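Just one chain follows, in the form predicted on its own, and it is written as structure tokens.
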């Protein structure tokens, strides 16, 4: 009876996994399909006569957008960690007044729809002259990751043994030296987790890009794909090839950082 239950659970897991991964497979399939076969009826479930013309179009036209997204992602990671790590340290270990209230406000900030924030950024950037600029988009994307980063750093740093901090004070270390030399090295998993999520949010952002960077000289890959669809509605192999190439960096990062993310997300959940 137990083996039968296990078998059914495995079968259901495989079915649900296949359903969730089918759009990814179809994206890859179409990216290799000849233009003349895109409207075949019934559709080709496998690219029997594959072509690389879609990928040739990607590398000929989309490399600037991929580079822009990489720049925005790395900038968002840097800004998020620079703001979130000291804030988490202060909330967790420096006993700030109003810490609980600030944590509550950070939770509320994560519930604000991105569309509402984009409208606010548009009004502010219009007055500051930051519309259609890369720094403006980096700041906007970081606002999504910073609250999450502060909460995660706070949860992890709250579990750091107080004996280590007291020993640092005895040795004459101040708050900043303790932060850089003791707390941050111990927070490696949390730093990697926050960095990964900040990069993925910035890499996949479309709302901020389409609102405050629509007419910029350099646009991210999400906005480039949107424009590409409007200009090439008959070249779906090129559109899907662009989507495949844009998905590769995120997939590689998730595979490489998987165990660090698991450790970082659960950090601080259990205390001795």
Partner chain sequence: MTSTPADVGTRGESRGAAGTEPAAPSAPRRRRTLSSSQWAAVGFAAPLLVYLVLFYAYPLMRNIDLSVHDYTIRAFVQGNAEFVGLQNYVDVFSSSTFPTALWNTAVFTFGSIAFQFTLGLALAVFFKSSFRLSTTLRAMFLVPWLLPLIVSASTWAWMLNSENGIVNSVITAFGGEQINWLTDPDTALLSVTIANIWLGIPFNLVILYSGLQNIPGDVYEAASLDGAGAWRQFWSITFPLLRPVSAITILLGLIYTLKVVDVIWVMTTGGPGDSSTTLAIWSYREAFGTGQPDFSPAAAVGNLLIVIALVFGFLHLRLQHRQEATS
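These figures come from a predicted structure and were not determined experimentally. Positions refer to the first chain, counted from 1. Heads up, when I say rigid core I mean the largest set of C-alphas that superpose within 1.5 Å between the two forms.
Another form, the form predicted together with its partner chain, is not on view; read the next lines as being about it.
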Subject >> Within 4.5 Å of its partner chain in the predicted complex, all of 16, 86 and 94 (non-hydrogen atom) >> reply: yes
Subject >> residue 146: touches its partner chain in the predicted complex, heavy atom cutoff 4.5 angstroms >> reply: yes
Original post:
Can you check whether residue 247 is within 4.5 Å of its partner chain in the predicted complex, heavy atom basis?
Top reply: yes
Original post:
Is there a heavy atom of residue 164 no more than 4.5 Å from a heavy atom of its partner chain in the predicted complex?
Top reply: no
Subject >> residue 132 within 4.5 Å of its partner chain in the predicted complex, heavy atoms >> reply: no
Original post:
Using a 4.5 Å cut-off on heavy atoms, which residues of 91-113 contact its partner chain in the predicted complex?
Top reply: 92, 94, 95, 96, 97, 99, 100, 102, 103, 104, 106, 107, 108, 109, 110, 111, 112, 113
Original post:
With both forms fit on the core, is the shift of the CA atom of residue 11 between the shown form and the other one 2 Å or larger?
Top reply: yes
